[in-house]
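What follows is a single chain, given as structure tokens, in the form predicted on its own.
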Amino acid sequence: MKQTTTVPATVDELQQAMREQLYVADRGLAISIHLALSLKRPLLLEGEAGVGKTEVAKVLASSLDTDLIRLQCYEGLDVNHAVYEWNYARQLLEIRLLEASGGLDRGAAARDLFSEEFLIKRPLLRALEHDGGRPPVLLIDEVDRADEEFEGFLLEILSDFQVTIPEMGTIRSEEPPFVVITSNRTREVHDALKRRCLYYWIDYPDFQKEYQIVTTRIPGAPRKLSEEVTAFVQELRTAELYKVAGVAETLDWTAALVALDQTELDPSVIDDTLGIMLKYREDIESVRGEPVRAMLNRARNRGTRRGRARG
């Protein structure tokens, strides 16, 4: 018996459902997600790495109590790895068994060998044929890492939620999956793909939102540590770096500092743990030492001003 997924009736309900999964979504993002769910349109999320794009799909699947099917994109990804391919080893074995038994009928064998029994279903086809009761969330992650030609494979799926297999015909989805596509914008996604999607850019959060994320995801962190970490990361993002730390790195760093029993920041522990936030040697060397001290002082001064404003 087919089950239908209950979509939150309002944007506020969606925000609350995501908050229960420890995801802090601002209203603009929540509106885009709600519209994508209501209109059954794919949602394209762009933004720097580590700002929470992939997490949206994971949280959405949990909130809707449905499966998450993920296609991780990479250079060279093609239809055989994204949609389907034939199990050639099993087909060859079947032919040999038929030959050995003397029952090989070329016409019948051709029909049987290219049937669902010998079809290997990759993520896109599994999402279209999903039989788990509720439509799944299909995550097409980092589409910008795939070749531009691969986007052509997506157009039929995103337009009509169907895929054509020459040997079997067209397979249509009875109930379309909820589709989330992410891009780090290492290259521009083609306009034909964008036109089929709703769009939202996820930016780095301001202090208040990032602090809320830290306290939500790591509730055991001391308040002063959470404030200083958030303020310091905000300062760090203003530096000339090859790769800026994302929210994911903020959370990793906070968790590491809690594991080290830190209750507040000091320059030495920052220098010792910079590799949690920065992944390039040149970036680490450019901020270690005096720049770290200067950024920590500015972060604390901003914290003092915020405290006075609240007072």
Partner chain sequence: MSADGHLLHNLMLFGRLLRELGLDVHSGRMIDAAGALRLVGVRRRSDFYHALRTVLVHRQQDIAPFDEAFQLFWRPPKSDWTTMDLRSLGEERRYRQPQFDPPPTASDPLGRQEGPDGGDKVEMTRTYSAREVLREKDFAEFTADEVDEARALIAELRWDLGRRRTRRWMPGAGPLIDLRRAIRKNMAVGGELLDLPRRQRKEKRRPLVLICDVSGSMERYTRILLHFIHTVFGDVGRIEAFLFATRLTRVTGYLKDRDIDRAVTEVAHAVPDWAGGTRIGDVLKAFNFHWARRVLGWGGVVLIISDGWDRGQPDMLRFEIARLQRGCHRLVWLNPLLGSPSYEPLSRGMQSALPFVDDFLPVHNLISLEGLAEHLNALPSRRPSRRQQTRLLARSASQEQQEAPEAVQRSWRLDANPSFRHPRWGGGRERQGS
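None of these values were measured; they are calculated from a predicted model. Residue numbers count along the first chain shown, from 1.
As for the form predicted in complex with its partner chain, it is not shown, yet the points below apply to it.
Novice: Just to be sure I understand the contacts: of Leu97, Ile120, Leu155, Leu198, which is the one whose heavy atoms reach within 4.5 angstroms of its partner chain in the model of the complex?
Specialist: Looking at Leu97, Ile120, Leu155, Leu198 one by one, just Leu198 meets the 4.5 Å heavy-atom criterion.
Novice: Counting any heavy atom within 4.5 Å as contact, can you tell me which stretch out of 155-163, 224-232, 182-190, 211-219 lines its partner chain in the model of the complex?
Specialist: Looking at the partner contacts, the answer comes out as 182-190.
Novice: With heavy atoms only and a cut-off of 4.5 Å, decide whether Val269 touches its partner chain in the model of the complex.
Specialist: Heavy-atom contact with its partner chain at 4.5 Å: absent for Val269.
Novice: Although the partner isn't part of this model, could you tell me whether Lys243 comes within 4.5 Å of its partner chain in the model of the complex, counting any heavy atom of the residue?
Specialist: Taking the distances in the model of the complex, the answer for Lys243 is yes, it comes within 4.5 Å of its partner chain.
Novice: Is the gap between Leu39 and its partner chain in the model of the complex 4.5 Å or less for some heavy atom pair?
Specialist: Yes, Leu39 sits close enough to its partner chain in the model of the complex that at least one of its heavy atoms falls within 4.5 Å.
Novice: In the model of the complex, is there a heavy atom of its partner chain that lies within 4.5 Å of any heavy atom of Glu249, even though the partner is absent here?
Specialist: Answer no; every heavy atom of Glu249 is more than 4.5 Å from its partner chain in the model of the complex.
Novice: Judged by heavy atom distances of 4.5 Å or less, which residues of 65-90 approach its partner chain in the model of the complex?
Specialist: If the 4.5 Å heavy-atom criterion is applied to its partner chain in the model of the complex, 65-90 yields Glu75, Gly76, Leu77, Asp78, Asn80, Tyr84, Trp86, Tyr88.
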